[in-house]
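Consider the single chain below, provided in structure tokens and representing the form predicted on its own.
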């Protein structure tokens, strides 16, 4: 049986790396895309895939890479858009427009370019599935005035393309991670910029998320088991969205010992 080809942008680290490893474990041939060539080669080497260097915000570069992947590995049946930039929480007047533009260029424009470059080929074959990595930051208010709108855009793009491509049998969904212990987040913790207890205490499960847990949800949405699911945004957030609003009542209540 021919093994399905999957592509993961931002596959050199964090959630993208976890997704690449999970999809390879499930039998896919992986194209690992990242602007970090060394990191992409490390991951691809570990899982028997192939590394590709790409700037997702550059239309010509994306088209070049997609054409190369389909020539070298075969038609891509599954795509994960995980490439993205984080942002330091600052006041709007302190947020340089160069920073704003770069976050939007990668997180919004880059995601859209990759969706279109891979997606229109899927549409022509009338087969394929895409998962976009959005964020709970795109579902509410945070002091991230470039990052939050870019992730809200990722959710909206997902919904629009799901309706556009659904008649061709191509599915596209989003996963919105909560606070996930990626290398970037760990680095911020190590620098003293984030307190892990603050990140965990408002979530209903009162913990952060492992990248592998995001990958499991992504792999499900790409699989035949999710054949009737398209256009959704699935939060994988350890219960952050349902827990954070309890802060106005003193925070989450601990279970009573005699109630289990």
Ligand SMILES: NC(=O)c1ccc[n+]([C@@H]2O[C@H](COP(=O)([O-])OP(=O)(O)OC[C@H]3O[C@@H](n4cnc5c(N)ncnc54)[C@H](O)[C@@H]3O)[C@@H](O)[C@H]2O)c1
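C-alpha atoms forming the largest set that superposes within 1.5 Å between two forms make up the rigid core. Positions refer to the first chain, counted from 1. The structure presented is a predicted model; accordingly, all values stated were derived computationally and were not measured.
A second form of this protein, the form predicted together with this ligand, is not displayed here; the remarks below concern that form.
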Tell me which stretch of 133-141, 93-101, 116-124, 160-168 has a heavy atom within 4.5 angstroms of this ligand in the predicted bound form. 133-141
Ok, 188, 152, 73, 85: which has a heavy atom sitting within 4.5 Å of this ligand in the predicted bound form? 85
In the predicted bound form, is there a heavy atom of this ligand that lies within 4.5 Å of any heavy atom of residue 36, even though the partner is absent here? yes
Give a yes/no on whether residue 106 approaches this ligand to within 4.5 Å in the predicted bound form, heavy atoms considered. yes
Find out whether any non-hydrogen atom of residue 173 is located within 4.5 angstroms of this ligand in the predicted bound form, and reply yes or no. no
Give a yes or no for residue 222: in the predicted bound form, does one of its heavy atoms lie within 4.5 Å of a heavy atom belonging to this ligand? no
Could you list which residues of 163-185 come within 4.5 Å of this ligand in the predicted bound form, counting heavy atoms only? 177, 178, 179, 180, 182, 183, 184, 185
Does residue 37 show a Cα shift reaching 2 Å between this form and the one not shown after rigid-core superposition? no
